Ligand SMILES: Cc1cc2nc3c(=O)[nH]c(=O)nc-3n(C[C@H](O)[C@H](O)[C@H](O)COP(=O)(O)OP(=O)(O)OC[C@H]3O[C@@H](n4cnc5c(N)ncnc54)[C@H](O)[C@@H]3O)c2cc1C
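Shown here is one chain on its own, the form predicted on its own, set out as structure tokens.
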Amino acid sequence: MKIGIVGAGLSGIIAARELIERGHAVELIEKSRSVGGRLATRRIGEGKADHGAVYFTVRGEDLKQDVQAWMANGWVTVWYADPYPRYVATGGMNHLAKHLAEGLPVHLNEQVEAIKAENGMISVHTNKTIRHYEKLLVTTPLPQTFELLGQLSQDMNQSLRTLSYAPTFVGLFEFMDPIKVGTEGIIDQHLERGLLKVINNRQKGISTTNLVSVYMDEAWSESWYARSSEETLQEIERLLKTVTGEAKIASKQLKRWRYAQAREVWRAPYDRLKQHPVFLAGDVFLEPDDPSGRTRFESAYISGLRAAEAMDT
């Protein structure tokens, strides 16, 4: 079969790898200039800073087997264990996405504008062309998915419309001199209100320079979302100083994630339209017996894997 996948984040990449292994012709369509989605790493000067997923953990056997192979390849390593291992990608989380996507047919910088059912096929209309598939997997956040599907969204499970997402701000700060953040390079407890976690990317092992990623919590990010980037960065810097003191900052940047975290989850690893061969996947889709009950790296991985298995039938 010829199968299209909208979104080259973790779910899309894992689904593509599985479908190709099962003998299908697969294409990924990604609006950004790189694969990875929230497996995001930014280069700032000579350093690197993760500004999406900070680390990932492993609970299930499916991911555990792959992680063992990734470690053998030198793609990931254990950052610290408390009480279970926190895995990070060597050179930044986006490097893992690039390793996993190597050799996959990916159309980068291509924005999907509409998805339609035409002449027995699923047509994906982009800003560059129209692509036709026998089956399609959509891994974008659900509000974007509903918009892309247009009239086809009436064929979706309408209960999915009740799921909402929270934004997250991430401030990226380059310090002039070495600083220390906690024992391992992370503080995620007993912080000032608004701060979710503070990460030192040098202590984490992905940066040669002193880059700190500051993640703001859901409530703070929601309340500040409409404000200017300059004003927002100033406030994040003020809060950060409660951790770093008066250490001198050389530069600062802001990243906005509009759909960072689902407030609710869907208790199935994927969904599909009732009358059309269009499947939905992503970290919001969790297996019914998922032990954590929240979206994360592993839920995105499992969702892509289970969707691919279903599309193979």
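These numbers were taken from a predicted model, which means no experiment stands behind them. Heads up: residue numbers just count along the shown sequence, starting at 1.
Form predicted together with this ligand: not shown, discussed below.
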| property | result |
| --- | --- |
| Stretch in contact in the predicted complex with this ligand, which is absent here, among 245-253, 270-278, 41-49, 55-63 (heavy atoms within 4.5 Å) | 55-63 |
| Listed residue that, although this ligand is not shown, lies within 4.5 Å of it in the predicted complex (heavy atoms), from Ser221, Gln144, Gln203, Thr232 | Gln144 |
| The unique member of Leu211, Val170, Leu96, Leu136 whose heavy atoms fall within 4.5 Å of this ligand in the predicted complex | Val170 |
| 4.5 Å heavy atom contact, Ala300 to this ligand in the predicted complex | yes |
| Partner contact for Phe175 in the predicted complex: this ligand, 4.5 angstroms, heavy atom | no |
| Residue contact check: Tyr215 to this ligand in the predicted complex, 4.5 Å heavy atom | yes |
| Exercise: Gln68 in contact with this ligand in the predicted complex, heavy atom 4.5 Å | no |
| Heavy atom contacts to this ligand in the predicted complex at 4.5 Å, residues of 243-261 in sequence order | Trp257, Ala260, Gln261 |
